[in-house]
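This document starts with one chain, in the form predicted alone, laid out as structure tokens.
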Amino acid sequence: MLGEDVEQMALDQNKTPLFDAVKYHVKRKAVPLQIPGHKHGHGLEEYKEFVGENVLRMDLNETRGIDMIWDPTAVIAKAEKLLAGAFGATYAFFLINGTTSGVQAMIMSTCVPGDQIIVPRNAHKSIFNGFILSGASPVYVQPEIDDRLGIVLSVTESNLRRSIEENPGAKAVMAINPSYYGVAPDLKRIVETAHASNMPVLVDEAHGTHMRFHRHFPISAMAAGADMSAASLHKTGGSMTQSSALLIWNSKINPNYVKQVLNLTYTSSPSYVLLCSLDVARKQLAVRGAEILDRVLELTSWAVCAGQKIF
């Protein structure tokens, strides 16, 4: 559980413990006697000239003071607990293999070979690859389709309930919040329906990172009581491409086991540039998310009402 010092820090979402530690390391200007081989950009001058020296100085190998992502005990652990607090989760993990790694970890953490998972037919390929890696099998449930717009919407509670009744041996339910067209399901009812059959709910929230931080957006996975979710902070949260988060709400999910599963696919050479972007993006969402999203909604409303094309 959270220590008292971390609990106090978690109340202050202005903190960026990992980013601060990396900045301190950069300011020390230590001589790079280990990997990466570009040596703060001295071995890659053309690239350094374009992106700047700070980015390359932040491209560090695990060293004293900046923690290790696969078993964090210091600044990364603190940053992940701040992330959990911001999203209303019990635990959170930084991901630098994209949301793909989080989706696959959710499946591998809750299912064993031969298990079945109820999953929308419009799922992302990361989910199908998760079935391959875990040995689990999909039970497809058809989402609703808007014939006028020609787009896939979301799975309804009634469709999910019917699928559960027809497949009582299924071990989990996968939900998408929102769909890739921006359509959110009635996630709270979906969670309640699945939990009534003792089935955990795993949520692919790749396009829904922002929804937690404004009252006028659909409910987030953690707020709906989903057991786990994978959120692409790089899509709608401001972090760098390939950086995401895995969130756990249900205390029945063992975070240590989830960490072991993640370590099967984690890189052994994590990018601190990506990790720091997660730390800062979380701060911005928690501190200024509502303000920023107010402006997004204002601009969207103006574009629609003024008859302007958004694209």
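These numbers come from a predicted model, not from an experiment. Residue numbers here begin at 1 and follow the sequence given.
In what follows, reference is made to the form predicted in complex with a small molecule, a form of this protein that is not presented.
Within 4.5 angstroms, counting heavy atoms, which one of the listed stretches 185-193, 166-174, 107-115, 228-236 is next to the small molecule in the predicted complex?
Every other range fails; the passing one is 228-236.
Check whether Ser126 has any heavy atom within 4.5 Å of a heavy atom of the small molecule in the predicted complex, and answer yes or no.
Residue-level check for Ser126: yes, a contact with the small molecule.
Partner proximity in the predicted complex: Pro143 to the small molecule, non-hydrogen atom cutoff 4.5 Å:
The answer is no: Pro143 has no heavy atom within 4.5 Å of the small molecule.
Do His207 and the small molecule come within 4.5 Å of each other in the predicted complex, heavy atoms counted?
Because a heavy atom of His207 falls inside 4.5 Å of the small molecule in the predicted complex, the answer is yes.
4.5 angstroms heavy atom contact with the small molecule in the predicted complex for Pro138
So Pro138 does not count as contacting the small molecule.
Heavy atom within 4.5 Å of the small molecule in the predicted complex: which of Gly98, Pro72, Pro218, Gly85 fits that? Just give me the one.
So the residue touching the small molecule in the predicted complex, by this definition, is Gly98.
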